[in-house]
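As structure tokens, one chain now follows by itself in the form predicted on its own.
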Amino acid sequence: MDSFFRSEEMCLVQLFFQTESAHNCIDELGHLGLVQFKDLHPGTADFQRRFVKEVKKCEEMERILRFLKKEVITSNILIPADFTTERISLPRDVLDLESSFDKLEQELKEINSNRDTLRQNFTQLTEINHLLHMTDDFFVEVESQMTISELPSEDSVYSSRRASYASTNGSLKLGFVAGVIKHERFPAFEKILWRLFHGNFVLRHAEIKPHQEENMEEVFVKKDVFVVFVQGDQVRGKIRKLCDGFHASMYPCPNNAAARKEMRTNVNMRMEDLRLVLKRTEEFRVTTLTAAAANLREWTAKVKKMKAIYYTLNLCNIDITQKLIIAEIWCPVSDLSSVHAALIKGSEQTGSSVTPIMNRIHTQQTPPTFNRTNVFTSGFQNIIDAYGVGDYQEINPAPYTMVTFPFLFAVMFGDCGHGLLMTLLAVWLILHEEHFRKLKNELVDMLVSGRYIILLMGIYSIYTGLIYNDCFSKSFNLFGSSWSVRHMFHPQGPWTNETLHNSDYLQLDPLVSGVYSGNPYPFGIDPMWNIALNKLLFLNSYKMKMSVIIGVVHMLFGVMLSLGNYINFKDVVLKFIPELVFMLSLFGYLTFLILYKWCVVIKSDSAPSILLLFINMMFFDYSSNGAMLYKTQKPVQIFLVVVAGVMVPWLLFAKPLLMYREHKQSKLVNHLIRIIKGTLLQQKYQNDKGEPLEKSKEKISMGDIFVYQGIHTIEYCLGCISNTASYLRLWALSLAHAELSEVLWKMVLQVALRVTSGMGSVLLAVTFATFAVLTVTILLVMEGLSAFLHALRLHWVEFQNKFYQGSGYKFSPLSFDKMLNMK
């Protein structure tokens, strides 16, 4: 239980195990997930490590697996989610998997290459088939046209874009160039033909219409068939060069109809053969990918495990005989028995005759910080770690943040209705967690990770909404109001009917008998305040003072938590006591004044201002005739200010002077040792860096210590003032949220509710939809995010700086479960 409130106690352990059992031992430790290996070669480059070749092989296998996964996804083949993998990764698995993956990759690449070649051939045959089918009509039309010697004009070409051109030489024997060009390139191709040959050609073209049985490609490209009739071989050569420039495909086409018919028959036969071969090739490819998809997750897990094992082995040392591996690990003290059992299990699996040895090392190095979490607490721990990983054995703020964070959020977001919607959203995320994780969306993953944070924020918002008596800007009258209007009328009160009709507003007088029952509303704010004109003034005063009280209590709780750190680091008298007394003397007393003023009965005309009382207290100004709350207020306030003033030099000078005294004493002891026992004995007192103790102590700079302590003192004293003022954001955001909710009610939904015409129901439906959208987007999303960020700031800056340093480094164990994202 202690590890929940403070980071785990860690230890540095040296491991000795045989080389043949190394894979099994590390595999067991990886499944255990409680061991962080220390790099014993910090200055060695990656390419100089022993198992770098094996790591490269694993990376190459990962590349092949990514290639296979891409092909499987492209072919719309389902990858099974469940898989079973071996717990033990042997060295020979690298060679077996590497050869299998290489063979599979080469086979798949060859299949893809053959399929692409067949598809290209099929596309060419398809284009030739369309070309032969359409050129029959072209030849008939051109032969009839050349007999009448049609001469087109340039204007007609560019205005009507006719699909045929003719030369002016009469009936001549023409050659032709036939081919296929992309549809979007044809207009430019046509225009350049005209400018080159000035109309001395005949051009025919038609768009290729795809057929379902012939569309073997994934994406159909629109193309046009064209035939250019010209005279002269030199001109045809120029046209061929132009076709090459436009990347047009040119195909041979016979002159007579019989040859074209025979060629078309041959093309159709070849297309049928290619269609059959393509079908068989695709079936074989799908079969190969389906077999690979069945083992894809298992292979991926196995390769990642082997890579992690070889990467871990690169961190270890191997003795000269190459038979013993030496490693150093960080692990929790409470899990040493589990680690030892895992090592023995791994050694037994290989039949090793030597049991692994664990040797605990005492070191001055700072261990990593390890805080155990579960599904519920991991979100709050992530919030703390985002500020900074705690120092070793430092108090962990996460357990307390689970209570204070959603509460401070709810103080700013207090509304029963909005809190209920947020709670329902969190419950929905919790119930459908697996479904949302499969969406692979960054925003959704963030919401799922913080689902329990959202749940607590919603529940606390419902609670504070009941305290504020606010639900979508409306209040509940569950217990009956403590105020009564009836007793203000004659004869018990001063009101009459004329008073009711002639007054713009009326004020209830609690001194009139029966107007105020004398018993406060049992839970929360009285619903009568919801219809009062001075509601905002009342809530302003109430929420502002409440924010100060919550802020001071929150900061005092942080100072009390620092006691655990100060006991651990032996700074109770030097830091904890002056910090606590300074905070209580000033801001604890401010909280007392607020609560005392609430508890005693004082007339509003003679009630003193808490702010002026506190300012006059700091300046010892008691000359004014301002009223006091109690009789001995003046001497008490003078005493508290003096005590707070004494705490400042105590906090500033006590620790540096004590350290200076210890430093002088250590120098004197070293001097006596050197005189009495000589320099040989001095060498026995070396520190971990191999330097003499005296030289190590002399490195302490007293000037740096005084400067650091001065900065800490100024930061703490001024921070108490600024941090208390910072908690007023609770008051500001709470009022802003309530006012926005009231504006949406009055200016949107209430307008539709007052309509009494026949279309009122339709208007109400539209208005309610608008109200719902604005409520979700503005009040839930925008206001919720704003309250979340402000609550985060209050914890990071105002609360945690009282006891939390956050300058450690996180415990990063070898864990296969985290690596493979398994649960």
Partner chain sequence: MVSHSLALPMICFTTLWALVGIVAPFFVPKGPNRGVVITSLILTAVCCWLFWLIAILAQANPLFGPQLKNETIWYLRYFWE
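What we label the rigid core is the largest C-alpha set whose atoms superpose within 1.5 Å from one form to the other. Positions refer to the first chain, counted from 1. Small disclaimer: the values here were computed from a predicted structure and weren't measured.
Heads up, the form predicted in complex with the partner chain isn't pictured, but that's what we're talking about next.
- Between the partner chain and the residues P635, P520, G232, P187, the one pair within 4.5 Å by heavy atoms in the predicted complex involves P520.
- Only one of W330, Y452, W495, F587 comes within 4.5 Å of the partner chain in the predicted complex through a heavy atom, and that residue is W495.
- Remark: V411 counts among the residues lining the partner chain in the predicted complex, judged by a heavy atom distance of 4.5 Å or less.
- Contact annotation: K345 falls outside 4.5 Å of the partner chain in the predicted complex, judged by heavy atom distances.
- Shown alone here, G379 lies farther than 4.5 Å from the partner chain in the predicted complex, counting heavy atoms only.
- When contacts are judged by a 4.5 Å heavy atom cut-off, I714 does not count as touching the partner chain in the predicted complex.
- Screening 109-117, 701-709, 175-183, 541-549 for residues having heavy atoms within 4.5 Å of the partner chain in the predicted complex returns a single hit, 541-549.
- Contacts between 628-651 and the partner chain, taken as any heavy atom within 4.5 Å in the predicted complex, involve no residue at all.
- After superposition on the rigid core, the Cα atom of K345 is displaced by less than 2 Å between the shown form and the other one.
- F407 is not among the residues whose C-alpha shifts by 2 Å or more between the shown form and the other one once the rigid core is aligned; its shift stays under 2 Å.
- Once the rigid core is overlaid between the shown form and the other one, R280 does not reach a Cα shift of 2 Å, moving by less than that.
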